[in-house]
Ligand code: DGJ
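Consider the single chain below, provided in structure tokens and representing the form predicted alone.
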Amino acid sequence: MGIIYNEKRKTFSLQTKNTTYQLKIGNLDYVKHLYYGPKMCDEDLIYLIRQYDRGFSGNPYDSLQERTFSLDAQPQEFTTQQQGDFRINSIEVQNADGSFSFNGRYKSHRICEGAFTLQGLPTAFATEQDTVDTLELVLEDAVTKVQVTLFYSVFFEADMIMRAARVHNGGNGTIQLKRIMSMNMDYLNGADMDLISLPGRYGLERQVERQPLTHHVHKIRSGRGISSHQQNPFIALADRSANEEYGSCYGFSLMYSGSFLAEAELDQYDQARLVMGINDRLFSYAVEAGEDFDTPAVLMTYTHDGLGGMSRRYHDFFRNNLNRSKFVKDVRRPVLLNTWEAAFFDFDDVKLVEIARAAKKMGVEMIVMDDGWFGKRDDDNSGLGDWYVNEKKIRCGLTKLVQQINDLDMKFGIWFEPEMVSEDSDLFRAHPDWAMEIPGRHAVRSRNQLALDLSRKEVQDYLIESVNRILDSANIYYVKWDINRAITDLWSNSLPADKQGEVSHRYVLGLYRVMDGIIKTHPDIMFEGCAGGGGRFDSAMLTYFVQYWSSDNTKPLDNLKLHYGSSFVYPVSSMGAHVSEASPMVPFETKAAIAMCGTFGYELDSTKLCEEEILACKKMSEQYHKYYDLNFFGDYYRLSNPFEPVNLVAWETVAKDKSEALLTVVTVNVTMNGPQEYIKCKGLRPDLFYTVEGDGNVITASGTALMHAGIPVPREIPEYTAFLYHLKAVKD
């Protein structure tokens, strides 16, 4: 049993394979957080909390003049509102009488088998290897009868806890949620904690920033309607001394693809609090009497095995528990060539077949027809929303084009941008009210397009029907689903004035319904997500897409940083990465080595390659398949930090049984007459001997030697050389 309730002590101990999370029904039925860390026996840790008279800290009225009890200094599972706790809070609700107050106290609980599900929101699921139990803990405000149910699903084998909250309006009037977080996490001492986040920008997403918690509110958010290029809905809290291998690390990944918020605060007593959920900016949600509101889920984990240990927990969980598609594990994904950088909008069916025929010689197994095949679409100023084939370009028709590609023994993929509309389109002319545009104001354009109002069911139905019609018309193997702008002009013509604060969240719920109606109904199609690159790369998206286009920036040296940052939470198998013509000074082989820290493919014109380049690409494609299982399913180790001044950037994937490994080394700075450099492996079995091949030499050494002495990297080499060292255990 992953959840132990001790009725006498009123403690709940949530047990995973290696961790314990404990909470307790405490004074006056407030639910206290006691512990999250290495696994321990079922004991009451209430002794950790000492109560003092904290001057100017309010006391609940029914504490009977007991000045030592104040919520302003108590570690809580979910905070109250206007009850004396002045720290960042979990909920802001305006009650039916206009008051702003929520005094949630323990009402009831239930422990059940399996993982919880949410209304219209994605969640993780249990596998056959998992033991999963769920705690549902109900808090109630005795005056308003507003209830908050806290969900905790405990994935025992995965060392993961999934959390969310549900607000139920048990009163007689309508309440307005102004803020509702998915989780609250309190730490008794956070003075020695660092906050790690993944900020960035278009073309350079998911960079890494690490900063100490200070006596301020640290806010990480997206207000762009999507999880965004600029921030990612993942953060970690770690001991200041934690590194890749050692130290306590807490990870939090929000399963939400819209505007989000994470706040961390070090309070006056050096206690730390973290909340995470929907961004409360431009948000107000009416919950009628008897109705519920569900928050997105948060996936959280703890490890004392450092940042690398935390990342590998997430990698395994994301591979196993987010997406049921056969393309996650059961079907090997093909090497693809995307036509965007080969042709942009200038192509027809003949040119596509020529590209495919040339690409086949490179070992490419699938051609992806990108933007420009539909409606009146010769540039990015028109056509979005008109999901019918432009037969001036695809003169033979889509079905016959796909057949010609299939006749080359190649698969066919296609690009969509379902959520957007061009003003110059048949759809906009027929339904201008379907676009987000505030009455009396001109909409903000981005890429000369507007956002469709996905909060409306008729818009959702149109997209499901029109996209499915295309997918069902030909033998389509792959879909790239793009969104190329942030969401502005939040307004829905289908909602009254007092519900416009719901539009942003309703958009996300509508998007999930559309994807349910398209992606979930086509299990034999492989779907990849994209948002102007990696602008909506989050754990919720990975419940629909088996992989996500990491960035429109295909410069290989930039991708060293991008892959490094992404790997803090996302596995290699989810990161779309291609070899392109960008950065011509970097050898093809190095570009391929970097792209193999991802799903691998090409972004170039295959008809313009010379014979030598074609043969080089064919070898790269073969390498992708040779190391497929290692890269997609092995344990990932970051061996150097590209954000630091280093000469070599290296990473490693190790088979689960430790029988082999792939070590990738990229030289980023070759110094004249410099010292010999060594790369030390991780994750090997110390007692096994391994053969090591990769730089023209073959060595045999023990796991101990390779991890502690390392592998010497050749020095007399051209700049930006890459080495792929394949380690294979020597059989007795």
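None of these values were measured; they are calculated from a predicted model. In case it trips you up, residue 1 is the first one in the sequence shown, and so on.
A second form of this protein, the form predicted in complex with this ligand, is not displayed here; the remarks below concern that form.
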{"property": "This ligand: the contacting residue among G565, G532, G223, G634 in the predicted bound form [heavy atom, 4.5 Å]", "result": "G532"}
{"property": "Among the candidates E660, D378, D72, D552, the residue which, in the predicted bound form, approaches this ligand to within 4.5 Å (heavy atoms)", "result": "D552"}
{"property": "This ligand contact in the predicted bound form: H304, any heavy atom under 4.5 Å", "result": "no"}
{"property": "Residue contact check: N484 to this ligand in the predicted bound form, 4.5 Å heavy atom", "result": "yes"}
{"property": "Non-hydrogen atom contact E502 with this ligand in the predicted bound form at 4.5 angstroms", "result": "no"}
{"property": "4.5 Å heavy atom contact, R506 to this ligand in the predicted bound form", "result": "no"}
{"property": "Segment assignment from 367 to 375, 452 to 460, 172 to 180, 612 to 620: heavy atom within 4.5 Å of this ligand in the predicted bound form", "result": "367 to 375"}
{"property": "Candidate spot W340, W415 and K480, all three touching this ligand in the predicted bound form (heavy atom, 4.5 Å)", "result": "yes"}
{"property": "Those residues of 440 to 459 which, in the predicted bound form, come within 4.5 Å of this ligand by heavy atom", "result": "R447"}
